[in-house]
Structure formats: structure tokens, C-alpha cells
Ligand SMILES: Cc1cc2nc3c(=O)[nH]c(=O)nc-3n(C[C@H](O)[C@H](O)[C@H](O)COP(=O)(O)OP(=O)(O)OC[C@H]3O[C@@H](n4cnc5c(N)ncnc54)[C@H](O)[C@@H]3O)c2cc1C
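There is one chain below, alone, in C-alpha cells, taken in the form predicted on its own.
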């Protein structure tokens, strides 16, 4: 099927893009096109105008300063996948990038676009939640910073204003003794997640868990935090028994739906296993020795 006819605009600045958002009624933003192009092709989206932001200079960065890892709105999945900085310091990001779709899509699709899409089966939302990251948006009234915890409302629905453009995704730079990881169950290579779990642990000087954050994929109406599991972990020493109970709590807090790929009970069991694996890898990356994971 071919897309319905639409006009295109190619702004050269963020301000110009925001002005177009304000002045045009029926429009869609195109960055990497990972989701937008199929939606146009199958006429799931039929906007009168597409605003292609790829001509805006300076939004394709991936860089770190003293406070944040900053991912510009036009940074591709492949940029994260190929980054030595990410590989060395941001375990869950390094785990996630190669799991997104296929190489062709990773070369064009953007992290910011995937987060803006807010698909509950998308991987980046869970990772961003686990890292307590933020979304930076530019609107008519200036810049707004939205914590990831406040961003996702419903499937494909966020707190982003209709006249705002995401300009940056950012996550805090790792603390000492911090590790993170992401594990995902999928039907085949390149598929969306049937279930996924992103975990981040920060240990204190005594080796106890000072901070634990867990984001879940595809097991609720949005990407969500497994707060009961997080509460259970904090103050404990990392280990298989502690992680086993955290996995159980994450599964209990999840709310998956049965579909052709598995019933809800199976997905809950997968949340349990994936969370344990993510916690084990996160602990290892935080400086602990390899752990045993209960199945």
C-alpha cells in the first residue's frame, strides 16, 4: 500500500520546527522513520503534513559531560550500538541497542523517536526508566524537562505537548559501583519484546544495594517500574536469593496480556527470570563476581 498524499516541511532549526508544529493542524514529526514510515505506508497515519527534522544541524550527538549522558534527537540506535563510551559505562544501553529491530532500521531509527512513540513493547522506555532519565523538549514557551517516570501515560500516549519537539534524551552519569543490564524475550531476531527487564544497581562502600531501579517492557499498558522489587532490594546484599525474590515481586507487579505468543502466566514467569538475569548482570558490572540465577 502507498501512503496517502501529504505535504512535507524540512525545517533547519528547532525553532522553525516548533513554529511549524504551532501553525499546522494535522502534522506528524519524522526523524528516523522507524515507526512513522510503516504507519504512513499502511495508512495507519494519514497526516496532511510531515515535518522532517533530519535537516536540523546539531541534534545527532551522543556525548557525556559531568552530569549526563546526552543523546540528541537525531542520534540513531546504531550510534549507541557502536559507542565505546556506552559499551564501557552504560551496560543496559549497550545491551539494548543491538536488540532493536535489524541493522537497517538501527541505522535510521532514533532513540528519541522510539521513546516518543511510547510503544509499551519498545525497549528504550524501560531502560530510560531504570536509569531515571529525562526527556528534554522544546516548545513555544521554551525548554521543558520531563522525568521519564512522568512521561508515559498510555500506549502511544505521553505527556509531551502537541507543540513540543523532543531535542534530547539524557541519563545521569554512572555513580561509583553502579551497573546496569537489559534482558529481553522475543519471538525471533528483530522482534519487539514479549517481555523485557532493565535493571540498575548502585552499591554502597559496604557492598549493599544503595539504589535499585527496574524497568519492565511489554507487560503493562506502558513501560513501567517494578517498584516492589526495587524496595525489596535496597539495603540488601546482592545475591541469588535476593534477586529471586525481586524477580517474583516484579512478576507479581506486572500486568501482561495473553496473546498468540504466550499467555499472561508465561509472561509473568519470563518477567521473573529476565529480572533476575538483569539484576545479576547489573551486580556483576557494579563490581561483584558472577552470580547464579535461579530459573
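Everything quoted here is computed from the prediction, not taken from an experiment. Residue numbers count along the first chain shown, from 1.
Below: the form predicted in complex with this ligand, not depicted.
- Transferring this ligand from its position in the predicted complex by superimposing the surrounding C-alpha atoms places at least three ligand atoms within 2.4 angstroms of backbone or C-beta atoms of the displayed chain; the site is blocked.
- Listed stretches are 156-164, 202-210, 83-91, 171-179; the contact stretch with this ligand in the predicted complex is 156-164, by a heavy atom cutoff of 4.5 Å.
- For the residues 53, 69, 251, 233, the 4.5 Å heavy atom test against this ligand in the predicted complex is passed only by 53.
- Put simply, of 146, 185, 99, 78 only one has a heavy atom within 4.5 Å of this ligand in the predicted complex, and it is 99.
- Though the partner is left out of this view, residue 114 does reach within 4.5 Å of this ligand in the predicted complex, counting heavy atoms only.
- Residue contact with this ligand in the predicted complex: residue 247 places no heavy atom within 4.5 Å of it.
- By the criterion of a heavy atom within 4.5 Å, residue 47 is excluded from the residues contacting this ligand in the predicted complex.
- This ligand in the predicted complex comes within 4.5 Å of no heavy atom belonging to residue 140.
- Of all the residues from 169-201, those having a non-hydrogen atom no more than 4.5 Å from this ligand in the predicted complex are 184, 190, 191, 192.
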